[in-house]
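You are given structure tokens for the same protein chain in two forms, set apart as structure 1 and structure 2.
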Structure 1
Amino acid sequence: MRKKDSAERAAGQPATKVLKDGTTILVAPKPALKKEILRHKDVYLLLLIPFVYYIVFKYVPIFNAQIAFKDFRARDGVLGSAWIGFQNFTDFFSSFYFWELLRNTLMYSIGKILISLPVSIILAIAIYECTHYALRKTVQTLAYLPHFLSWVIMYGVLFALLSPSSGILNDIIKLFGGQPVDFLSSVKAFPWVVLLSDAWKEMGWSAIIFIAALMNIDVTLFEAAMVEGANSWQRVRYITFPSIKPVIVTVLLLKIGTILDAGFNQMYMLYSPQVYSVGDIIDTWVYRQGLLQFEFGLATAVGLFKGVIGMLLVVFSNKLVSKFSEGSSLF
């Protein structure tokens, strides 16, 4: 019987299978792998692009991660450079600036989460609740646009707004008799410029995933709530928020995993030596010390350190959320 079934499947004929209760069922033949690939060749070609990307840019560079444990010299290559163990890590952890860098990095990363996430959720709910089509589309477009602008352009916009000599905001301050403030060079004002400009730039793009989650909510829930006399705030509180809670948790988990990435492009464009004490983060320090001074081993060590910490944070936060919020974990 088994040889007959195998022959039938190889010939493309449906095979039969007898269950324990004696029932005979037909089993669809399994197409050959080559035929299956040729049949869906377009899909496999599309799949090939991200596959090659991850192989070339993610897995191949893992070989070079050993630079973190070596006194890397370009003329000696990766394999020829001297092995120094954890010396690069020790140099970074014992650096005079380590705690300052860690503080600044965490301050901006956590601050961006605390500001950007609620703002994105509020924007998504406002767009979803808006019944005026033209107004909704206009707000969406204006909110999405800053995301597609580079930080070079955003710096020009911020300079036009915040410049102590010709900035619009300082013109308003002087109009009311105040003294102009150099926001980009002030130790007190600079962190707020970073946090608020990031929220402004990314809130529209971040709101897309929440809008998609809102669109999946069963409208009959809102209709039933309106029949029961629930106002807009009560519908948001008891229907909208609980319905998108898994999405909020997922986004939060993903952000926690990159908590040591405070935004190199933004910081590099906005900071200056006057605000190094509050503006210098791990990435900018690595750029100056690692790349400009050709300390590639140190730069790799810090990158490896960030990657390991990020992975541990994702695993820990996922376990924590799984414990207190069933069905809201990443894996």
Structure 2
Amino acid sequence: MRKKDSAERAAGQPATKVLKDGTTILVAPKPALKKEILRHKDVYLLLLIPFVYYIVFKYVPIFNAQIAFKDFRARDGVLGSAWIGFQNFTDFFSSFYFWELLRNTLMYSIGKILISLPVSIILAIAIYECTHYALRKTVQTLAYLPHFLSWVIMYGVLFALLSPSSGILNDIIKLFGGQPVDFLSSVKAFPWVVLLSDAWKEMGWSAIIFIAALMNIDVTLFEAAMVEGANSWQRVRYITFPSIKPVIVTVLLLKIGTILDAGFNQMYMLYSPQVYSVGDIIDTWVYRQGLLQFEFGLATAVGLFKGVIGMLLVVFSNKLVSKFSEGSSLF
């Protein structure tokens, strides 16, 4: 397939090609560009509506992002507002909440990696090693389910679990004679609620990629190891884990690209003014500043800052991935 393509591309070459086994085949010469375009005119037609969609819904927002450099006033619109250079950016960087937002954002995104990644790896290995068909299927099916629940629903589930008045966790605390804790408005408990609820919701889903990698392990390796006298623990240590190590590194590297995304939906549902000091991340701040305080220019500047850093990180991490493992990067 690919060979044929490259042959087509090599215009001006003789119209024959010698294959590996020595046979000579005729290769169609590369058609003129104009002819190619005409031949594909219905393909371009197919592209028309998605293309218009891209311009409107993906590129107009990028164009609108210019208000980061403007003193935006709704009356003047995007084009009519006055340019003010980097004023919005310097305002943000010099403000006291900049470091707090950055710290919280990084704390959650890194914390989520540190907790979810090991949990999902262990879960994947356990699912792979489990010999009870029913147990394996049940855990697999149920573990994927929470991924499909929204954070609004998750908030309701956490309410039944953690609420000081009607949560079962507080019932257990009371059973042992403790004082009920309001987990969602305690500065100490809140980060753990965020990290653990995310791990609970996503562990099954993030395990899928590891399960897929485990399924590709050559089983003869296990048979050989067994004959050589390796026990189950040693087989996991020396065969299973090393075989999925490249996937683990790839996943880890790709996570670097999204390190400024600490989970807007989750945070927006769970946080409250009492826990802003540990719960406010860049995205929630942009939302409040922009759409509740109508500081459009400032909020866009912060969003743009995050977008640029995010883009650099994504490109960087994908470069690393393509260097590390062939064929799993974005580009």
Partner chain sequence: MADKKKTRVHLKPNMHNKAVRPTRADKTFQVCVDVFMVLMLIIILIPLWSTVTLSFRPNTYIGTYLEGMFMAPWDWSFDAYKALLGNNGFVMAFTNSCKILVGGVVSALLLTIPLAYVMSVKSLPGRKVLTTIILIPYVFDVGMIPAYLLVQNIGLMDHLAAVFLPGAISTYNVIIMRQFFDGIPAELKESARIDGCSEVQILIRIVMPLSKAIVMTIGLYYGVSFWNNFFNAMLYIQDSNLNPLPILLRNILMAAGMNEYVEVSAFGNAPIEAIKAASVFMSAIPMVIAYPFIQKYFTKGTMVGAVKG
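Residues are numbered by position in structure 1's sequence, first residue being 1. Rigid core: the largest C-alpha set superposing within 1.5 Å between the two forms. Computed from a predicted structure; not experimentally measured.
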Among the two displayed forms of the chain, which is the form predicted on its own? 1
Taking the rigid core as reference, does the Cα of R288 move 2 Å or more between structure 1 and structure 2? no
Inspect the rigid-core superposition and answer whether the C-alpha of M215 shifts by 2 angstroms or more between structure 1 and structure 2. no
Has the Cα of P273 moved 2 Å or more between structure 1 and structure 2, judged after a core fit? no
Value in Å for the CA shift of V43 between structure 1 and structure 2, taken after the core is superposed: 10.8
